[in-house]
Every structure is written in C-alpha cells, then in structure tokens.
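A single chain, nothing else alongside it, follows as structure tokens in the form predicted alone.
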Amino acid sequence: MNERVAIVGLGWVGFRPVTPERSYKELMYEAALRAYADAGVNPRRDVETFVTVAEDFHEGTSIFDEYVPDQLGAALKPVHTIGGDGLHGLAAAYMLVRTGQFDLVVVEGHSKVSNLLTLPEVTAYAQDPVLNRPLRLNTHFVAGLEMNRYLHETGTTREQCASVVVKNRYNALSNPSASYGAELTLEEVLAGPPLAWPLGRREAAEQADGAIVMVLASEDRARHLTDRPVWILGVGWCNDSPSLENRDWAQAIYAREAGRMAYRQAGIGNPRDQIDFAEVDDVYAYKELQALEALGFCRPGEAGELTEAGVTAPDGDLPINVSGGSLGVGHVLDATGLARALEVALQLRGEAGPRQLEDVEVGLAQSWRDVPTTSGAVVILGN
C-alpha cells in the first residue's frame, strides 16, 4: 500500500463563457498537455490508469470513457468515468494510488456548457421522476427554497449573502483565468434582477467552459518527479437524502460529514486553527456561508458575520475563495470541485500570482454536486 499520495502535475485551460473555437476534446487535450509537461511524464509510458468525471446528460453521450482516451493519451489503458463532481474523481484517483497497484494516475474534469442550449431542462432530470419532476420545478426555485430556510433558521441576512458576491467577484479580478471579476457594491447585488426569491440573479454563478487535468503519484514517484509535491492529507464524501421531501433544508449535512471524514484522515481536530485557507462551493452565494458552518469553521449563523467583518477576505484570518470561486471564475459543471482543488494546489505551490497568500501550508477544497442533490466532497491538501 502507498501511504502518501501527491499531486505532481497541474494543467488547465479556460475559464470562459463560450469557446466556439474549441471542442470539449480540444479543451481536454490542451489541459492534459500542460499537466504532463508540469509533471514531466509521458502518458503512454508512465501513467497507469485514468479517471474522468462526466455526466452523460451534459455530454449528450453514454459510456463517456469511450470518448476520453485519445485526447488524454490513454489509448489501450484503463479508463473509468465517475458520474460525480471533480472532487469525487480526485478521491477515486487518490484511492487507486493508495492501493499500491498504481503509482501514477490522472484525473480529468471539463465543462463545455456553452454547447448546452437547455441546461435548466437537463438539470431537472436529476429530480425525482415520480414526486418532483411532474411539478416542473425550476432548478433555481429549489435553491431559493433552501436559501430561504437557511436564512430563517440561522438568522443570516440577505446582505451577508450579497457580501459573498462582492468579495468573490472582486477576488476574481486578480485571477487571469476568471471570467466574471467585478467591483460591485452590496446595493448593486441586492438591486439586481430576482431569480427565485430570496435568491437574486447576481447571487448565482454564471457558466464557463474549461478543462482541468491533475497527475497524482505515490510518494516514491513524487519524490523523483518534483520538489514541490502537494500532498493529499485527507479526502471525504457524503450523500445525504436525494429526496426533496425528507432532507434538512437549512444545513449542508453532506459537507459536514464529508469534512469529518477528511479531518479524521488528516488528523485535524480544529479546522479553524489547522487549515490556513479554503476554496468552497459558491455556485449560489448562500452556499459558501452554509459550507463554512458545516465544515466547522464557525457556528451556524456566524459565517455571514465573519464575511461582513472581512475575516474571509484574502487578507483576513481565514481566506475563502481567493480564486473568486464559481461566482468569479465561472461554474464549470462537473469540473467545479477540481477548480477549487486547483486553486488550493496553486496556492500551496506558491504559484497563484497576484492573489498568492503568504505562509500557507494546509488548504481545503469542498464541492457540491449542485441542485437538487445533497452530495459533496472535501479534499485537504498540504505542502
């Protein structure tokens, strides 16, 4: 068994609202080339197995692993697809290395959302086909219901949710890969067009195309490949109730349990003291606050206050979504979790450019599978 696993190669392309000049295969190919060059490996010679994350309804095809090998350099090698978020794929690749059967594994996630002309209708297929789908519930409507319950039970205000938008979109101005950087005021966010009360349109992330590839290695291989490994200290995942009728609408229980699983592996007892920064899900602004509370960084109802006080700003005590998050970078569908982990890895390698944080050693990435699921994952990385 391999006791330690590291990320030794990073490659990405994007993230833009539309990429008419590239197919999804070309996006994957370019990201893969960059990751292999970063790791100093040849996929045909060195990589032993590949993992991709994809949703057949988004891709318009089934058995998606058949559409992956050519552009990843994985022809005639084991490939499997996970119908989940990018961090689920990263966790699977991590476990493959831990088994001792593989020393070098590649994980890939991408979005070509600009090809999807009816994304809300496609997403609606995730709803229960008997009880919910006949009601023709809009995806954002479900998020609005959850936000309303979260605000009611925790005392969080709409202004505090809007402060997440202000922070993350401003952070994105320092990220050359981000598409939605902006300098907004609370008033501009709150006065924006409504989406599904109390959720406003500016509190929902816009979509983006892009691809991310990571190369994972056992400790022995990592030591030979790089002098800047990013170690995977812990992974966790959880699926709460899939039903709208019997879930907790105020808390992100899936994030709490995924976090606990990752904390046990990483030996973390107090995340506020032992984790330097985090990239968490913010597909909707309130989800960032909900995630911070679920992950134990603060008590229920406190995340909004911390955000208003600047604690989660890049120069605060607990920087959150320094990349700009999905609100600033763009929502890249199934690759969203990998986008959060990408920023954590770049920060730990000291390669985040103008948004680089000082003296960071441990970071957390958290993801959510999106409406209407209660499925998520957590990865803790260290340098």
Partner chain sequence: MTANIKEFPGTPLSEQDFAEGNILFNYDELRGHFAWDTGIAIGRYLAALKEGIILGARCTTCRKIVVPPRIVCEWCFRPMHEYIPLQDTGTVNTFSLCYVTWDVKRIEEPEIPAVIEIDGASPLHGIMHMLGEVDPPKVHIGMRVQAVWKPAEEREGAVTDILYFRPLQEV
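All values derive from a computational prediction rather than experimental measurement. Positions refer to the first chain, counted from 1.
What comes next is about the form predicted in complex with its partner chain, which is not displayed.
Remark: of stretches 326 to 334, 312 to 320, 351 to 359, 37 to 45, the one touching its partner chain in the model of the complex is 37 to 45 (heavy atom within 4.5 Å). In the model of the complex, no heavy atom of Trp197 sits within 4.5 Å of its partner chain. In the model of the complex, its partner chain sits within 4.5 Å of a heavy atom of Gly73. Its partner chain in the model of the complex is not approached by Arg149, whose heavy atoms all lie more than 4.5 angstroms from it. A residue is said to contact a partner when one of its heavy atoms sits within 4.5 Å of a partner heavy atom; Glu121 meets this definition for its partner chain in the model of the complex. Heavy atoms of every residue among Glu26, Tyr29 and Gly60 are located within 4.5 Å of its partner chain in the model of the complex. Only one of Ser241, Gln265, Asn138, Ser114 lies close to its partner chain in the model of the complex, with a heavy atom inside 4.5 Å, and it is Ser114. Screening Pro129, Pro193, Gly269, Pro176 for any heavy atom within 4.5 Å of its partner chain in the model of the complex leaves a single hit, Pro129.
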